[in-house]
Ligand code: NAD
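Only one chain is shown below, in structure tokens, and it's the form predicted alone.
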Amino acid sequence: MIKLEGKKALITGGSRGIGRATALLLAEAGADVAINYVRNEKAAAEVKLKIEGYGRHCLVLKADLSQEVEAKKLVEEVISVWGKVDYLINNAGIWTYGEMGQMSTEIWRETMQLNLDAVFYMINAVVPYMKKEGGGVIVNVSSTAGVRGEAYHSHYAASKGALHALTKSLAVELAPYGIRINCVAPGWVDTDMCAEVFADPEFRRSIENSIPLKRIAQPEDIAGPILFLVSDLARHMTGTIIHVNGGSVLCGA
């Protein structure tokens, strides 16, 4: 039912986890997809191969999005090939431990630079092109931590909460240009980012038991709502935070 033929999607952090699953799902729906990576060129190449297996075009570009010049260059490179970006999915991010009173400024800044600053850089770079095309869709990937907070990860929670405010603010600002912007806020997801903590079977079981649906989300569980948001099925949705957490956090923020 969702058909994205002729559409061009740019997904940050598209070589693994949620970004990878989203890239494959959008390609399966008919979109050409551009992804960036920072270190794992092999994983990015594997995503490209799978996307091409769907008969779609895939661009793979190396970029450290915490650096404004590289984020801007990424957008410009995609535009130089395709001439437009219909969908921007801001997925790249990090999750690190930080105890207040002992957290270094470097850890705080690293998280803000990639989880928040990079999103600003990408949106700021792509919006002029979307305005020129008469519209577009932006989806920010945040977290339940941005709603309820998260002890020992306050820097991460703060960065994701800021994404919610950014999304709502830009929804009003960009609506006159036909640009929709929404946010998907996952709970626990079985990705590389959580591999270390999930390596403890007891901790993993405790997380599963804390979720009403009694399962930890797979990346595909987050990719589905993202596909919905970029599609015309969500044409009357902007400034919305969609929570995908198995019922573990029930809120309307």
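Computed from a predicted model, the values in this text were never measured in an experiment. Sequential numbering from 1, following the sequence displayed.
The form predicted in complex with the ligand exists for this protein as well; it is not shown, and the discussion that follows is about that form.
Colleague: Of the options 170, 103, 125, 94, which one has a non-hydrogen atom that comes within 4.5 Å of the ligand in the predicted complex?
Modeller: Selected residue: 94.
Colleague: Have a look at 221, 46, 64, 28 for me and say which one sits with a heavy atom within 4.5 Å of the ligand in the predicted complex.
Modeller: Residue within 4.5 Å of the partner: 64.
Colleague: If we take heavy atoms and a 4.5 Å cut-off, which stretch out of 170-178, 76-84, 125-133, 139-147 is in contact with the ligand in the predicted complex?
Modeller: That would be stretch 139-147.
Colleague: Are any of the heavy atoms in residue 121 no more than 4.5 Å from a heavy atom of the ligand in the predicted complex?
Modeller: Contact check for residue 121: no, nothing within 4.5 Å of the ligand in the predicted complex.
Colleague: Considering non-hydrogen atoms and a 4.5 Å limit, does the ligand approach residue 58 in the predicted complex?
Modeller: Result no; residue 58 lies far from the ligand in the predicted complex.
Colleague: Check residue 18 for me: does it contact the ligand in the predicted complex (non-hydrogen atoms, 4.5 angstroms)?
Modeller: Looking in the predicted complex, residue contacts with the ligand include residue 18, since a heavy atom lies within 4.5 Å.
Colleague: Under a 4.5 Å heavy atom criterion, is residue 211 part of the interface with the ligand in the predicted complex?
Modeller: Looking in the predicted complex, residue contacts with the ligand do not include residue 211, since no heavy atom lies within 4.5 Å.
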